[in-house]
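Next up, structure tokens for two forms of one chain, structure 1 and then structure 2.
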Structure 1
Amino acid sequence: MRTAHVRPARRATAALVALALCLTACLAGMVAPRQASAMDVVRCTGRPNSSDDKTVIQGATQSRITFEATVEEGEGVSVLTLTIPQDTTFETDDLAVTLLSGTDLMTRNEVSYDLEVVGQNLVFNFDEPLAQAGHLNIIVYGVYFPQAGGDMQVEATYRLASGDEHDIEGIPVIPVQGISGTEALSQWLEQQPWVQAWNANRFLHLFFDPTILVTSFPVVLNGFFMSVAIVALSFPLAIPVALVLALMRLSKFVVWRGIATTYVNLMRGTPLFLQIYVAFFGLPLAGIQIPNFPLGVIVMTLNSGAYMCEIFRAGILSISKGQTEAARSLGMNRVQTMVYVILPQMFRIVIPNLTNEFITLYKDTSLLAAVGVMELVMYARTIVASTGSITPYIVAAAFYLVITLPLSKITRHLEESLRGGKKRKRASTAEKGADAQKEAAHA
């Protein structure tokens, strides 16, 4: 009976010992140091090159790549191949290859090598295998990452003196921010000697910087479209408003005439800038919320309508009363006479003045920049605030001239045509008078 009790105890003891040995082996495997590679990456970075954000790397802009990896004592690295990302250009004239050694890695040791460039691969054949412990630091200058940007992955492999080849794993990607075509062109212009000589002149740099001219053009173009959209809506809307006001001012009913006169005098007698401020800051205080764009159209419509009212009124008064009398003699009432006889003649007369009003309205959209409407001047002012150059305002002026100069020429042509028509009419009347005199003389 005693022997029977001892055997199970021995078996349990043996099982515990076996389990302890297994646990010891597992723990030993877990804490055993990993065999280090001959080279491990320390860092792989690009130099930030954005003028706006000092931490951003932009594509199509000069940068550099800094690659650093450890070198183990006595390993003897004989060849290192560094693969630059696709579509990335680089220079090889001023490569910096240094072995940083010492406990603080402050000792710089120049490394002798022969360089072979194969496509995107930089192959460093070291004259003497690297056997000293330290950090191998390589800087590639004149790097231009792709314009589209993205995560740029640098790859590296090395060969030991024994002939074994290995990859360096865990190399971090270099995040590159894409840029537009105009920004790429601006970066290219900035490197040109003639642009640098041009910008050396303070006046030219402040008002006509080619690099800012290129980048501000597409931005200000958005404001140009916004200004054109405001005018394209407010000008047609102002025509019926002005026509109604003009008819009210010509009305024999004192109340209508007084309302129209008061409105026209109020709008023409106060600055448009003040009217914009009242609308954009006064209406919200009164609980009336209107988005900026439609509110800008409304203000411009109401202001332009007051000025066009006087144009229409003068045009109507310039029509001979004989036209009205002739129409009434044909049985037309007042409305028919105005619609079919007076207004068609009036519009032909006032076309040059309406063109001038359109030009004025287009230029006055610049005042909306003061209340945050993103039109032409507002976009230009945003760029000026970030660059400190007046060049964007020059670009905005060019966009104004694109509209105003052709319209001014059209206005002059219309005025000359009207004057020519009047001269021909007078000449025709004079000829008829002369013919009548001759007929009377013969009689």
Structure 2
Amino acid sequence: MRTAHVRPARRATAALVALALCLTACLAGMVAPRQASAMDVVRCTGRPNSSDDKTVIQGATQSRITFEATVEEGEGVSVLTLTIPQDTTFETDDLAVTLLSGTDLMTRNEVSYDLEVVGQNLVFNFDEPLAQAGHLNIIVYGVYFPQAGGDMQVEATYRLASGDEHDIEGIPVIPVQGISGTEALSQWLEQQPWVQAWNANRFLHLFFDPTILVTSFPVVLNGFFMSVAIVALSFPLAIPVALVLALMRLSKFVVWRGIATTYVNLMRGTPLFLQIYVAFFGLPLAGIQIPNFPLGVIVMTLNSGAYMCEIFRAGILSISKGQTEAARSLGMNRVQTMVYVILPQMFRIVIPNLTNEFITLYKDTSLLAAVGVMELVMYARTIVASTGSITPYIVAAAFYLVITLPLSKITRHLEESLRGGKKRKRASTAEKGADAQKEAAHA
């Protein structure tokens, strides 16, 4: 029994000692080579090349590898071998090899070298062993990662003037994603003879480049949802605002009238563009912090409210006075008259105008692009700026039309039915009149 107790204890101690030894060895192992080999990796990144997501690197699309490692004073690195991951192609025509020096590492020193390319290995034989402290920065252009993507591990070894070879350890992997469907389609299109013929025409190339059309479509679609979300929130919110403003403008009290009139005149008298600027850069300075999206919705609501107020006011005024008088004579009070008699008739009349306002509001969400709200135009604009093609704007235009064309058709229909309805009424009263005349004639 006793021995049985002692044994596990001993084992535990032994295990602990072993663990401690192991840890020390590990630590020593980690530290020791660092001291001997002073080249440490600073960064190893690939240039994002996806139009869907600015931070995504995808396969089979042009990218660039930036590799940077430290060089110690007097180290004397004579050869550096950079191993590009398997199945990744690259160009060696314009490699950039620079030694960044100085305390802020901003001084660029040209490094002269002989390049040898062995398979995936780029072997830089430096004319002079690198002895100046700084960061060695190598940029490899024209890199195409494998189509399927995966974690790409760049490897690097270097040889000192003394002939010692060392690996540079801990180089971060470059996460590469498989090529997206649209990107693959775009590349396929680029190879097609008809696309090449199409793009040979300057106008078609600039405005309707099929390769950019397919890649920008899913990106701009994100903006479409954003724009629709903004308008879907701000339009219904603007209706009560506008209604209150309209009633204030029609109020008997000067103060209400004054407030509403000033507000409406201010909002309608200044460009929405400026109102957006004031809201986005002014309010935070006044200590009011609201995130981009709700702030955008609020500005659009307040602006649209002023325009809708005028629609409602005109609508209310267009209801004949007889309606009010009739309602009042039935014993309804002011509020009841407004709620049960005037407003229901007013809404019917203003629906076409409201639809127009909806269209205007939807298009005006594009102004939010100026303050960094990622809506339709902003997404398109980003691609335009980086590709230099107008095509994404055309895609954006299509997304506006998807909403505005059906809506204007509905507006026309509503307007016609409204006018038609009145005509029919008139026609029926005329018929009745005619009937009465006939009856009178008979008699």
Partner chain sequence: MAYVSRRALCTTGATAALACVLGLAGCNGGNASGTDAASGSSAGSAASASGDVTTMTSGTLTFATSPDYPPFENLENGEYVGLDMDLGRAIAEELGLECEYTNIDFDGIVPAIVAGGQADAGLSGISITPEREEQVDFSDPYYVDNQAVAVMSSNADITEDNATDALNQEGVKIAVQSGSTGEAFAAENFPNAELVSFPNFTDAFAAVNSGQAVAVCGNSAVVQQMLSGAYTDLHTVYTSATGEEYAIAVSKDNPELLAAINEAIATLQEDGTLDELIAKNMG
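Fair warning: this is a prediction, and the values are worked out from it, not measured in the lab. Whichever C-alpha set is largest while still superposing within 1.5 Å between the two forms counts as the rigid core. Here, residue number means position along structure 1's sequence, counting from 1.
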Quiz item: Here are two forms of the same chain; which is the form predicted together with its partner chain?
Solution: 2
Practice problem: Please say whether, between the two structures, the C-alpha of T66 moves by 2 Å or more once the core is aligned. | Solution: yes
Quiz item: Taking the rigid core as the frame, does F312 move its C-alpha by 2 Å or more between the two structures?
Solution: no
Exercise. Treating the chain as two rigid parts, note the angle in degrees by which the smaller turns against the larger between the two structures.
Key: 64
Exercise. Fit the two forms on their core, then tell me the C-alpha shift of G150 between the two structures in angstrom.
Key: 3.0
Quiz item: What is the C-alpha shift for V176 between the two structures, rigid core superposed, to one decimal in Å?
Solution: 5.9
